[in-house]
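Below you will find one chain, with nothing else, as structure tokens; this is the form predicted on its own, and questions on how it binds or moves follow later.
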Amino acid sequence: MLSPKTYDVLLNRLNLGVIVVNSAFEVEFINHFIETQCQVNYSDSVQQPLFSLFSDLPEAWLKRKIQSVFVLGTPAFSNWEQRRHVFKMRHTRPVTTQSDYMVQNLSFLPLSQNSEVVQQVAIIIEDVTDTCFYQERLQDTLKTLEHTSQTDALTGIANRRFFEERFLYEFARAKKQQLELSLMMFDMDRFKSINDFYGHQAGDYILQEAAQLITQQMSRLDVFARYGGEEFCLILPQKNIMQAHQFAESVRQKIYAHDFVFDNRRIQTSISVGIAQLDEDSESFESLVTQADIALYQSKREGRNRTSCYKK
């Protein structure tokens, strides 16, 4: 059997914080980890009230945790994802986290001597700063990947994949709740000629600038996406075809009046727009896309730089 001195040596060599308290919340033991991290010493800490020795503790929460162990005689735990730290200790890891303090997992263990009655509770403090840091990095990376998978790289607006997922949702919601819903599709007029005459960089600039102009006019409910090439689409929830037409005309006029200047040269451009509206005969969101596309090509046939609404 190990001697008490050997136990003390073992506890002081652990890379874990150990604090033992009695039922009056008085400290009966701290190990070397606590002395070092909290800048206290053993002789001054023993028999001191826990909440006086560590004044920044969440007292009400921590008392409930410790009391549950005394009453139930079973361990309790606190995970860093629930509470990042309980004891304020500066972390020593060469990493950047959202906190200057050590991120911790805590275990509360019942201690008894030859009796079923819990006489002390050992608070075990584990430094999980690295785990937290890499988990945060992973979450940030996943968010970035998700955003990238939904965003058009050139214009910064939603891509076709996101448009189709979101339109499927908005279509089903509007059908179920009997809400108005319109779809606006447009493309840049004579865009191939712009690329051929001014160069593809100028064409990219036109798409980026037009996307920014339209984004500024959208409501918070609207969803704007690049459908492909120079073609774009806008989901307009809670707008009927007349409201959608008014919005489309505002956008069309703004694009036509805007000074697109690339490499010190002004480029005149316009858009042709097609609009379709959800009604009781609409069977799928694909049918609405087809209708808006038909209306768009009607605008093209009638001379471009105009807005057309789909008519059955």
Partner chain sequence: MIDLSLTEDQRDCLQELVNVAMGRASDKLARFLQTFVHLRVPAIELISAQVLPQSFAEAYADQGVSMVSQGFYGERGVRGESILFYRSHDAQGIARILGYEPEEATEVEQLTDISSILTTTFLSGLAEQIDNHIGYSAPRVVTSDDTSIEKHLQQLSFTWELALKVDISYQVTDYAFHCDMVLLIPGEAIHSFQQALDNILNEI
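Note that the rigid core is defined as the largest set of C-alphas that superpose within 1.5 Å between two forms. As the structure is a computational prediction, the values presented were derived from the model and not from experiment. Numbering follows the first chain given and starts at 1.
Omitted here: the form predicted in complex with its partner chain. The next part is about that form.
- Not displayed here, its partner chain is approached by E59 to within 4.5 Å at the level of heavy atoms in the model of the complex.
- In the model of the complex, its partner chain sits beyond 4.5 Å of every heavy atom of Q37.
- Not displayed here, its partner chain is kept clear of F197 by more than 4.5 Å at the level of heavy atoms in the model of the complex.
- In the model of the complex, its partner chain lies farther than 4.5 Å from every heavy atom of R220.
- Interface residue among T215, Q238, N79, Q208, judged by heavy atoms within 4.5 Å of its partner chain in the model of the complex: N79.
- Only one of the listed residues (L72, L168, L138, L145) places a non-hydrogen atom within 4.5 angstroms of its partner chain in the model of the complex, and that residue is L72.
- The partner is not drawn, yet in the model of the complex one stretch among 160-168, 181-189, 82-90, 229-237 has residues with heavy atoms inside 4.5 Å of its partner chain: 82-90.
- Q216 is not among the residues whose C-alpha shifts by 2 Å or more between this form and the one not shown once the rigid core is aligned; its shift stays under 2 Å.
- Once both forms are fitted on their rigid core, the CA atom of L72 lies 2 Å or more apart between this form and the one not shown.
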